[in-house]
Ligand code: SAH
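The chain below stands alone, shown as structure tokens; this is the form predicted alone.
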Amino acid sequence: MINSANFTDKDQPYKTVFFETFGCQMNKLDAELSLGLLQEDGYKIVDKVDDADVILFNTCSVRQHAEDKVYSHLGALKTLKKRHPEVIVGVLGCMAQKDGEAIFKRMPHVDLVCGTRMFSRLPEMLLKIRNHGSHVLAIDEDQIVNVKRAVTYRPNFYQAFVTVMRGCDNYCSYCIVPYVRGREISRTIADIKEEVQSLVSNGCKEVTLLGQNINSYGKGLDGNVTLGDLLSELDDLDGLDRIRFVTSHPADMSRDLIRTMSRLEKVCEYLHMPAQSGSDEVLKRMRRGYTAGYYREFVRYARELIPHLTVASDFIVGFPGETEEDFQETVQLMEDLRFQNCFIFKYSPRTGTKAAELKDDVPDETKRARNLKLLELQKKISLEENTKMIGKKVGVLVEGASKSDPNRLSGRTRQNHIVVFNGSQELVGKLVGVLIHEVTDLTLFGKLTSCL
């Protein structure tokens, strides 16, 4: 482990950084916190690799494709590193935590491998490399991540991710997260509330609370603290308009939480709750801890208590042993529950997980066909559900210019629908009413009617 408390940065020769992030919202927030630290240390963020003195990749290990993409990016930097050996190349996050020193062996031109619990020490690690020209490996498994947030640095001024807990104790058979993110650790309500209050004071209108298994929030804290308690505390904050939270594990969701959501004004009517499969046999091999029947009943209960609730899900196709009958049960679950959105993934073995011990016996062409079928089914369902929104007025928090049409504005409803409409930049950060007149499977289009 590093010990660079006595280092000084007299010349400050390297002060531009290129930073690319792969993976989940937690990775995006870690990137935001890291860049905030680097900015405070005098770094300027640049958009091009060729303009950077430091090149950092914040990585994901959930699927092989994500790792392959990072290694491809690293390989492309060999020539640049030969031309400019003073440039620092670093790998951060989950892949760094999992592969460790093997990254140096595979990519000798990499200078830094920094795991999921060590990014708070980025400035001093970069300083050590700069002063001594040596590789730095930092993958301490016992380090507690505690970064004082620079609230003035965030991609969207009116929205922010807030970590409420880290790690996961579920050990689903296919998932690498518990091995690279560690066991569940919760932050105190007071600490979280202080951060959210600082964000609100800086103009933030909406927060999304993050946890690999957010329904377990409170574990390790004194007293019987729950996610519902945290939501209730944040709901009382003046100036905060909306609260979201992700990601919800079905086995740890409680009806008490749904009842709490139903009575809190600022908590949005949206759940991201990955089902992963509609087959009980597959769910058992996945070690998910629930049945498809339990999942159906929970969604039914939540929709009864929370009017206009939308539910998003994740599914894995081609898990070891998945038969055509198993797959058709997943199709049926999607048809019955009609999710707002679904992320569909082909199974890929992750070394070190229990599922990696199973035979990966579903042919890749079958995985691709099943993946495509679920994507097409979800597109059909999303279009049908969105069509029901035509003629309705929705409340939208305006985020900024539309990515597809810079001359129009874009924002989201409380149910997480993307809405595009005409309006002036003065509306960014405000809540507005929009009358929907056209839809696609991904987007609602409408006309501005009022400010809320």
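One rule holds for the numbers: they count along the sequence shown, beginning at 1. In this text the structure is predicted, and so the values were computed from the model without any measurement.
Just so you know, the form predicted in complex with the named molecule exists too; it's not on screen, but the next bit is about it.
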Q: With heavy atoms only and a cut-off of 4.5 Å, decide whether residue 312 touches the named molecule in the model of the complex.
A: no
Q. Looking in the model of the complex, any heavy atom of residue 285 within 4.5 Å of the named molecule?
A. no
Q. Is residue 276 close enough to touch the named molecule in the model of the complex, meaning at least one heavy atom pair within 4.5 Å?
A. yes
Q: With heavy atoms only and a cut-off of 4.5 Å, decide whether residue 242 touches the named molecule in the model of the complex.
A: no
Q | Heavy atom contact within 4.5 Å of the named molecule in the model of the complex, the stretch among 231-239, 253-261, 167-175, 358-366 | A | 167-175
Q: Report yes if all three of 160, 205 and 412 come within 4.5 Å of the named molecule in the model of the complex by some heavy atom, otherwise no.
A: no
Q: Check each of 330, 186, 212, 382 and return the one that places a heavy atom within 4.5 angstroms of the named molecule in the model of the complex.
A: 212
Q. Using a 4.5 Å cut on heavy atoms, which of 104, 345, 71, 294 is close to the named molecule in the model of the complex?
A. 345
Q) Using a 4.5 Å cut-off on heavy atoms, what residues in 58-73 are near the named molecule in the model of the complex? A) 62, 63
